[in-house]
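A lone chain, given as structure tokens: the form predicted on its own.
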């Protein structure tokens, strides 16, 4: 597990940046208890190792006119790797699909979609998703409201787990 190779300072850096990716390196260094130059070296090493994949603004979809959020559960006719990869590639091309997860169980994929309105989503559904080769079934659920949307991982759980194994 990669977490065992990270020291406490690295884990603090990750937790702080996950909570606020816009803070300056000087502020980050102060929060994790080291000086700025080694802090920046650590951040760059975490980026190079793929533990930090990017920095993003959290935009308000509704305020930007995307009133509809839908989860689509997709079943495929074939689960051969070539077919799974083809479907994943197709999902990456669709702007309304914001997340695509392959699942184990009754459905093959869960898609998180956003659209300006229901008719736009319906057009995507009937004109693109349902007509995609190998798609056998699609069940959709319209989001009424969200109760929690936390990015990343719970670092307090990670620290507790590491303290039990130390």
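Keep in mind it's a predicted model, so treat the numbers as computed, not measured. Numbering follows the first chain given and starts at 1.
FYI, the form predicted in complex with the DNA isn't displayed, but the following is about it.
Within 4.5 Å of the DNA in the model of the complex, a heavy atom is found for all three of 34, 38 and 41. The contact with the DNA in the model of the complex, taken as any heavy atom within 4.5 Å, belongs to 26 out of 118, 61, 102, 26.
Remark: of stretches 104 to 112, 123 to 131, 26 to 34, 137 to 145, the one touching the DNA in the model of the complex is 26 to 34 (heavy atom within 4.5 Å).
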